[in-house]
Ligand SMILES: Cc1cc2nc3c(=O)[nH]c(=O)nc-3n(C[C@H](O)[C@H](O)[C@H](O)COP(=O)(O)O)c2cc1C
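In the form predicted on its own, a lone chain appears below as structure tokens.
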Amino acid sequence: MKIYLAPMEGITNFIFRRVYLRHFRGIDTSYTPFIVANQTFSFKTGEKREVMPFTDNTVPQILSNNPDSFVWAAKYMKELGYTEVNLNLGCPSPTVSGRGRGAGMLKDLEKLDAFLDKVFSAEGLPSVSVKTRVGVEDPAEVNAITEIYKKYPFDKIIVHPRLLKDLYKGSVRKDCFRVFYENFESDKLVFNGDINTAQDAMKIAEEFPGIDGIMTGRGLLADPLLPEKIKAAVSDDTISEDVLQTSVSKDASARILAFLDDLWDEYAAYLSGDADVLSKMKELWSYLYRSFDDGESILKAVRKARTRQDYIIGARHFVL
């Protein structure tokens, strides 16, 4: 089973991905946060940093509801060396979906069909995958969505089995994922959503045998060792206790601390001052604290930090 790093806007940027892969194993491919393909046929400087220079085992995710812009962006990525691009049909943010992009494209399936027809009719594109929700308001919408997707040769289909209206609330809708499972070759499908433990991944592998893999974002941010634990769990009949435990061990804490120190230094090279770096670290800790027995106190200390020294004291006391 492959493990993919989910694109998370503002968090899993090129700095995070580079530092994370330096310290932890288990991720097979990383997907960038979405890059907007607009009608100016140009990218912002920050978006270019996500994909330049070319990075192996990375897939650029493109956000667009204009087929000409998407085709231009996909060809641009191919010129950089990327063999796959990902179409974002999953972002539920009102600022995105409200403009008919991301999961908002699922509101008008006729328009989506026309968009896909034009994209897949273009020549010279890299492989195209899609990251999608299963509907907008009603779970029954998944049937019409799968019928449209079946018409096109997606490289893979990454399914977050929630509706647009769900945002990230409630349980994932596995019954909707099963509709995809019954309509596509299993090795084209990736399950995304609520993979927070090795047990979660094992359950998905048992319920949907043969799928290409799983994608994790929030689960990995809470436990950076999660991909390693998943790989160990799905490949070994005798699973050690440290693979199944959800809290972080002392040895793991030391690895995470080294990762965080490295991440701070990398951010400091790009951002302007401690305040900007602290903002990034605090956002990460809003997920990471959940894996520590004294996580609430760590998060409280980190949120109070105003300088790097304050942050170090707050973040390190769980290791010392």
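Note that this is a predicted model, so its numbers are computed, not measured. Start at 1 and count along the sequence shown; that's the residue number.
This next part talks about the form predicted together with this ligand, which is not shown.
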item: Segment that reaches this ligand in the model of the complex - one of 256-264, 27-35, 291-299, 49-57, heavy atoms within 4.5 Å; value: 27-35
item: Candidate from Met77, Leu163, Met215, Leu112 lying within 4.5 Å of this ligand in the model of the complex - any heavy atom; value: Met215
item: is_contact(Asn192, this ligand) in the model of the complex, heavy atom dist at most 4.5 Å; value: yes
item: In the model of the complex, Leu21 touching this ligand (heavy atom, 4.5 Å); value: no
item: Close approach of Asn65 to this ligand in the model of the complex, 4.5 Å, heavy atom; value: no
item: Proximity of Ile11 to this ligand in the model of the complex, heavy atoms at 4.5 Å; value: yes
item: Residues of 52-71 having any heavy atom within 4.5 Å of this ligand in the model of the complex, listed in sequence order; value: Gln61
